[in-house]
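Below sits a lone chain in C-alpha cells, taken as the form predicted on its own.
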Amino acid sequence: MTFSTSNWFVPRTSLNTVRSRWLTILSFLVPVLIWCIVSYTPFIWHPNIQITEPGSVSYFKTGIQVKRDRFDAEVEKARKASVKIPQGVRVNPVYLPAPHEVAIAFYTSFTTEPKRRSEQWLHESLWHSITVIFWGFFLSSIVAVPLGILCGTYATFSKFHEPFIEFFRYLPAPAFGALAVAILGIHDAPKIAIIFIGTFFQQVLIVANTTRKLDLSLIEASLTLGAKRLQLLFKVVVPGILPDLYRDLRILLGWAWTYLIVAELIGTSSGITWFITQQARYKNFDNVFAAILMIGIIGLFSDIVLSKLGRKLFPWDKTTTKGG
C-alpha cells in the first residue's frame, strides 16, 4: 500500500477503517506517551529531590521532597563542613503521579475501604454524581427541547423567548449557587438546579437553530396539503430534525458534566467532587487523577453508546451513520 499525504487531507471525506482506527489509538497513545516521558525520564523534568538519607541536614526527613537547588545547596554545605552528605533521587512533584501509580490507585480506590467514616467509596461518589447529572439534564431537556422546537418553527415564539434567553445565557450558572441553596436547601436540589441553569438556555438556542435548518420546502408542502399546527409539528418538524436533535443532546450532555464540579461544591459536599477534594487535601493525587480519569471514561463510554444507538435509530441519516 503506497503512502499518499493527499489521501489524509481530503475535505469532508471519511478515512478508511484502518487509518481511522490508528488515528483513534494515537489520539490516546500520544498523551500517555508524553506523560510516561515526563514521569520516567529524570533529565526531562523531575524538578524535586526525594530524600533517601537525610545525612547531617536536620530538617531533611526520609521520603520528603525538596527543590533540587535547595538540595544541591545543602549537599555543598555538607561537603565543605566534612559532615554526612544527604542522599536523594530525582522525582516529580507529588501532584504529578506516574501512570503506574494512577493505575494502582484506579484499582485500589474500588477495592480498598475508605480510611475515614466520612469518606465514600469511589463508586458511591460516582453514582451520586451520575444521578445529579441525570436529573439536571433530564429536567432541562424536557422543557428546553419543546421550547427550542417552537422557537425554531414559529417567529412569534422566537421573538418572545430568544432575546431574553440570549441575555440570560451569558450569566454564569455558579453565580446562582447561593440563591439556589437559599431556596432549595443544602442537599442535591441546588446542584441539580445549577446543571439545569447551565444547560437549559444553551439547549433552547441550539435546538431552535437546528429546527431552522429543516428544509423549508417540507413545511410548505405540508401546509399546502392542509396540515394543521399540531400535525405540522409532530409529523413534519419533529421527525425531520430528530437525527440532528439527538446529536445536539449528545453534545449538550457533555456540557452538563462540565457544570458538575461547580454544582457539587454548592451546599453539602458530595459526589465525585467531594472525593477529589478530600483526596487532594490529604495529597493523594494518584486518587485524584484516578477519579478524573474515571469521569472521562464514563463520559466517553456513554457517548460511544449513544452514538451507536443513534446509528440504529436513524439509519437513514448519513452523518450519524458515519459516526457523527
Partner chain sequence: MNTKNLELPSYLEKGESVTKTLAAIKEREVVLEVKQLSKTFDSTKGPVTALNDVSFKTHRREFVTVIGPSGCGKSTLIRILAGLETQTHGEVLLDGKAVSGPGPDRGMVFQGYTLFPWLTVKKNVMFGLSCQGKTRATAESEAMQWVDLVGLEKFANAYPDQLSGGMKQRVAIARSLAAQPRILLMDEPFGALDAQTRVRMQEYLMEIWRNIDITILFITHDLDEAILLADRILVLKAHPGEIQEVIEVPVPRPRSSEQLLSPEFLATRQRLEELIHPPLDNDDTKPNMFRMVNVDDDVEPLL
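Keep in mind it's a predicted model, so treat the numbers as computed, not measured. Residue numbers count along the first chain shown, from 1.
Omitted from view is the form predicted in complex with the partner chain, to which the following refers.
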Problem set entry | Heavy atom within 4.5 Å of the partner chain in the model of the complex - the one residue of 172, 185, 163, 239 that qualifies | 239
Problem set entry | Listed residue (316, 22, 301, 9) with a non-hydrogen atom within 4.5 angstroms of the partner chain in the model of the complex | 316
For this session: Answer yes if any heavy atom of residue 222 is within 4.5 Å of a heavy atom of the partner chain in the model of the complex; otherwise answer no.
Result: yes
Exercise. Looking at the partner-bound form in the model of the complex, is residue 87 within 4.5 Å of the partner chain by any heavy atom?
Worked result: no
Exercise. Even though the partner chain is not shown here, does residue 82 get within 4.5 Å of it in the model of the complex, heavy atoms only?
Worked result: no
Problem set entry | Proximity of residue 158 to the partner chain in the model of the complex, heavy atoms at 4.5 Å | no
Exercise. Heavy atoms within 4.5 Å of the partner chain in the model of the complex: which of the stretches 125-133, 211-219, 173-181, 148-156 has them?
Worked result: 211-219
Exercise. Each of 227, 231 and 235 near the partner chain in the model of the complex, meaning some heavy atom within 4.5 Å?
Worked result: yes
